[in-house]
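Just the one chain here, the form predicted alone, laid out as structure tokens.
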């Protein structure tokens, strides 16, 4: 693997950094976070720079970037404002656009991808249910074929972007007796009769990013709205989730680096006992650990991006990167709060938001425990949950 970035990758990272400095000021982020305001206007500005369609092919209006470049963008935006990275980089691009690229029909691609690329419309994937998390075999949302239509009934929860989405990709069970082979990912457009969406309130973090409950009551959509094949819905959905795991690793690397930078700055400015707190050994130890974690996390996601760009198998590497980066970000944000003391406990300093946001990534995209089981299965050849 060549560790030197290309000129184009360097340019895209600079464009992203310039955008962050110009548009994502502390005041703008604080305003959106306090009001739990969806950053629609900011997303439109990202679209103009190609940041809402990074890996989508140019023939469908996308930027046609490689996965390493996508990861660099995730790291920069994730470190500045994780809610925005989750909305755009992780869900809008990795989870929605790319499964359409991989598995959509030509008609589906022509109809949706150009508008998704420009952020004229947004999307979400509805997989998790009130009684179903990691166990896809237990999906209860039903899709029954009635003539030329699917009739869908069920409930989904913890769905990112659903209340702002124009298209919802719903994981459904078409034949319970077939288990995983009965699953299908079916596209439902906003406003379809029987579809209702409600924001989940009172979340610990991710205040600017909507997380929702979705209910479907006899929702009727065309038979051709299946993305991929009936019976391959699990694989289609997991393809997007694999992209999310990569994007999460990169975005959480941004959080680790942001915590290290903020802590170093504060530790030089804050004095106690007549000298900067940065001169205390335990404070230096915490910052040093953040820097080590940031470098390790960055190398893991860059290697994973390299494998994705080569089209090589990388399930194991995705679990390692996702597990390490999310938990390292949790450690970094916790220690950043400690270094900032009481000031870190209010939103005048960004470490407070990093601390609130970062627990989410240890849960979605596969919990830390699930990834440990995936890695254990790979090492031992023994499946702990089947």
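Positions refer to the first chain, counted from 1. No experiment lies behind these values; they were computed from the predicted model shown.
Missing here is the form predicted together with a small molecule; even so, the following discussion is about that form.
Colleague: Only one of 183, 126, 152, 93 has a non-hydrogen atom within 4.5 angstroms of the small molecule in the model of the complex; which is it?
Modeller: Checked against the cut-off, the match is 126.
Colleague: Can you pick out, from 134, 110, 196, 272, the residue that has a heavy atom within 4.5 Å of the small molecule in the model of the complex?
Modeller: Result of the distance check: 134.
Colleague: Residue 12: heavy atom within 4.5 Å of the small molecule in the model of the complex?
Modeller: Contact with the small molecule, no.
Colleague: Heavy atom to heavy atom, is residue 385 within 4.5 Å of the small molecule in the model of the complex?
Modeller: Within the cut-off, so yes.
Colleague: In the model of the complex, is there a heavy atom of the small molecule that lies within 4.5 Å of any heavy atom of residue 19, even though the partner is absent here?
Modeller: Outside the cut-off, so no.
Colleague: Applying a 4.5 Å heavy atom distance criterion, does residue 160 contact the small molecule in the model of the complex?
Modeller: Taking the distances in the model of the complex, the answer for residue 160 is yes, it comes within 4.5 Å of the small molecule.
Colleague: Can you tell me which of 73-81, 206-214, 226-234, 278-286 lies within 4.5 Å of the small molecule in the model of the complex, counting heavy atoms only?
Modeller: Residues of 206-214 come within 4.5 Å of the partner.
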